[in-house]
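In the form predicted on its own, a lone chain appears below as structure tokens.
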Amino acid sequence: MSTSKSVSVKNLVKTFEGAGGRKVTAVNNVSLTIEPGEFVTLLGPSGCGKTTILRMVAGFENPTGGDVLIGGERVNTLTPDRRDTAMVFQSYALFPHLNVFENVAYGLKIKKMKSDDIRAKVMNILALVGLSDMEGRSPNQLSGGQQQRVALARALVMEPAVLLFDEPLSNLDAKLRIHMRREIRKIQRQFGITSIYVTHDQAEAMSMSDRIIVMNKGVIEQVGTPKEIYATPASQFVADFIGTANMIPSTVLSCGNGEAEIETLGTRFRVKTGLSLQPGDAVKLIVRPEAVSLSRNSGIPAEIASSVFMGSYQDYVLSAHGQTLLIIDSDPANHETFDAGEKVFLGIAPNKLHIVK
């Protein structure tokens, strides 16, 4: 493989012309750096700008403002074939009239490589993605997962410094998606190739990424490891978009030394925070469903609104002090479960609490 390279975008802007000649800003002054060999996911809802950034890195879109750098070199004016990148598309984009071998070999033939070298390279890559015995098949004889492997092999065989993924698993069924994200991550680690992955699927982002860049309305909301993004979301948007979160209105009573005392659900909590707060400020307490335990004897009084057995966990909706909370008991077989209508008490793990403005 060619040496992996860093990718940087600096003050990147992209505007499109919308209905009635109105300017629409898809990417609004975004700056970020991805280190060589890193797997970074751009995550966010449709229309947040993540695919537009990917396409500007690839060279399929020209920035309205700002710079794209690959390996420290400004590439704004370079065509896609001169950027040392390869793209894996959502639609696979396989040539229907070519077999698997010919699809994977296509780019190497364009580069006028010797046929013996092409064969060796293609067969090696096909073995890597588990398609050794399928080189003679046409795309319409392959399953969705096999077609996606061909698309991945076609990108990898070019030995790019940067691999770009545009929602590559969204056309696969749920079970195959989980399998393929493991496969992609395994191959990426094996090659040590810098990878930028675009998805709106937060489970995909959490399971594959070294870092996640959460985007909303053309700007970056937060950059961090999956654990940082989940445990300490920077905003209500991030808390809501990553996993499930109870966002409970709370009031700041006092603050100092990196902590805040807040009042909510008729109880006081001390929460570590880096926010600049004043007594009386309104904040939201982020409580993940698994951070709450239920009991019959002590804690915050609540009433079960619904209780659903989901196999590996019990899913509760309950009401406490006028607030609706979603609770997950991840080990229901080993202790008591509760039914709708029952009165219970909540225990909330203080070390799992987080507040946002």
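Note that residue numbering follows the sequence shown and begins at 1. For clarity, every value in this text was computed on a predicted model and none was experimentally measured.
The discussion below concerns the form predicted together with a small molecule, not included here.
- Among 47, 66, 299, 36, the residue placing a heavy atom within 4.5 Å of the small molecule in the model of the complex is 47.
- Just one of 26, 40, 325, 292 comes within 4.5 Å of the small molecule in the model of the complex, counting any heavy atom, and that one is 26.
- Residues placing heavy atoms within 4.5 Å of the small molecule in the model of the complex fall in a single listed stretch, namely 49 to 57, out of 300 to 308, 28 to 36, 49 to 57, 315 to 323.
- In the model of the complex, the small molecule sits beyond 4.5 Å of every heavy atom of residue 342.
- With a 4.5 Å cutoff on heavy atoms, residue 17 counts as touching the small molecule in the model of the complex.
- Mapping the unseen interface onto this chain, residue 261 falls outside it, with no heavy atom inside 4.5 Å of the small molecule in the model of the complex.
- Under a 4.5 angstroms non-hydrogen atom cutoff, the small molecule in the model of the complex has residue 167 among its neighbouring residues.
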